[in-house]
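Presented below, as structure tokens, is a lone chain in the form predicted on its own.
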């Protein structure tokens, strides 16, 4: 790095790279794009949750010669979407396993004719029994996947749990449930595809992971890598919902393009997007916890179950992260954790911000408040007595080598929120008041990057190049969809190279141009890929200094002059680096032990709620969030990530309920799938503590998922503080709170055993 440049750009609120284009309407999303003589596509979907396809008939009143029709028989390669387990068909062939499963595709030059045509396709089924709950799948009422409906399982043990119960002072049990959640990105799923017999397939689309789509296209079309090209268009939000599903939509659009000989655009409306795409996994988590008389954790026995839907998609990795986060940020010598992902006949559940951690953290943080209530302890003090500290080992025997400052985070959150004074004031309020207020805490960590050996397996490649026009281009397949990838990675490059921020840009997210730097998921982009960019820039400076006479101190003009000299002597000015695991980071996949994550981000959140005892509605009045995420590269974008995650967490806790009828989403409109609006989001106070992580880009750790993990338990803990009633499931709608409060009048507090 240029010795004269310390933090000129990193840590500063520089303008967003794509901000001006979005502000002025120049940014083009997939539905803004047209291709010559382009057709439009539509999907014909299953109307039942499970059954055999008996026949497909076409209405004789429609001139089908005008349409391109694609079925599973038209797939030239493998009829499977390539995810962790390739069990999901691109198009259903003989059977369907969930409502809205894709069976048949239609294309026509006039998109307005497609809905009538889709309605003219009549599919007859032989229905089969279906599963719609974790419990039904566990019981094996019917077998819909594999030998026993079990998509994935993990068992994690530390110490000797069974030896503790007999001598424990207290044993507290609880069951906690979370519902599905829809991503509700602002832009629906969309894709354009072209097919050429010589060049192969090219797709443009709204997506997170170009090389995931690339992998599925290779398999479905049986093509070589030089015949597939994936280009991300401007993408209006994702939250994980455009990690897995775009692979399916890209294959559908490309199959139609191959069949009709024209470019084909497929763009879902909101109803189809809500009904047919993946969502957050519902969960049921049971805790049995032993403590001594001082409230120190002695043993934790946890059973974690998720609903994976009809196909495995990403359920195994979601389950893994949920498993690893289930014990929370607490030191405990004896832990047994059994987790299971079960198949049901609903739309497959997939990636969503937090990726299993929000479910697990909801359970442990609600459970900690139930323990505190049962033992008569202050919820903050119970946590303080059990926090992990630097040098401690967590459930997988990973030593906390990086500094752990949970005590400091908790103390600052308590001070900034005036926690104790507010609680005392609420306790003095008139007990007959129609509105009751309370304060709730959640404390947690989130692993940054892929779990276990994931980053080693990815073996990501990233770097920079210098163009003849005097611009540095960042070469990554990581994508921008509102979270700030373009800005953060160009900040790192400009800072490291010692040049102006305006002299750095992003290469197009195009698999024909950029290397595979891994997916834009798992809070890994700035930490993992950012470090690759930092290393690549240092490597470039070293090469320029050796071959182009670049001194230690230089201007931007001198840097580009050195690049010109290097190009004249040696050719292309490019520097690429592969991922290197930090020293001492090793994960044993067979034993499920070791360093699950190279780094963790930490947070303490506090919610203040008001509960209307007449309408039984709960409102978040104010929210505080204190986090340690390593170095904060862009304070405005970082705060925005926290605020957005909290707003999404409020929806998860209080508003967003996926209603299923016979396995199909019944409230697939934004008029009846309720999410928080600006009026429902309270003042949010965001505070950072910075401890740079040596192996992250400029000291950064993951930030994108962290803020969504903690709001739901903090909010329900605050409702418990306000009402004295602990509710153990979300979303908590007014009718649910009403039932809980009515039930509490006949319910005794759980005995402390």
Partner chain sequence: MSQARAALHFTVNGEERVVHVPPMKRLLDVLREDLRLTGTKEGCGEGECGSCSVRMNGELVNSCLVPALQADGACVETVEGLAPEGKLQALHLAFLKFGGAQCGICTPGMLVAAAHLLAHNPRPSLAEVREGLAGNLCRCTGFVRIFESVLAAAHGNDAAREKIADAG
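Numbering follows the first chain given and starts at 1. All values derive from a computational prediction rather than experimental measurement.
What comes next is about the form predicted together with its partner chain, which is not displayed.
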Please pick, from 223, 435, 186, 84, the one residue with any non-hydrogen atom lying within 4.5 angstroms of its partner chain in the predicted complex. 186
Identify which of 676, 89, 663, 200 has a heavy atom within 4.5 Å of its partner chain in the predicted complex; exactly one of them does. 676
Quick check: do 15, 28 and 647 each get a heavy atom within 4.5 Å of its partner chain in the predicted complex? yes
Residue 442 versus its partner chain, in the predicted complex: is there a non-hydrogen atom within 4.5 Å? no
Give a yes or no for residue 235: in the predicted complex, does one of its heavy atoms lie within 4.5 Å of a heavy atom belonging to its partner chain? yes
Please run the contact check for residue 59 against its partner chain in the predicted complex: heavy atoms, 4.5 angstroms, yes or no? no
is_contact(residue 181, its partner chain) in the predicted complex, heavy atom dist at most 4.5 Å: yes
Only one of 555 to 563, 144 to 152, 474 to 482, 586 to 594 sits within 4.5 Å of its partner chain in the predicted complex by heavy atom distance, namely 474 to 482
If we check its partner chain in the predicted complex, which of the residues in 620 to 642 reach within 4.5 angstroms of it by a non-hydrogen atom? 622, 636, 639, 640, 641
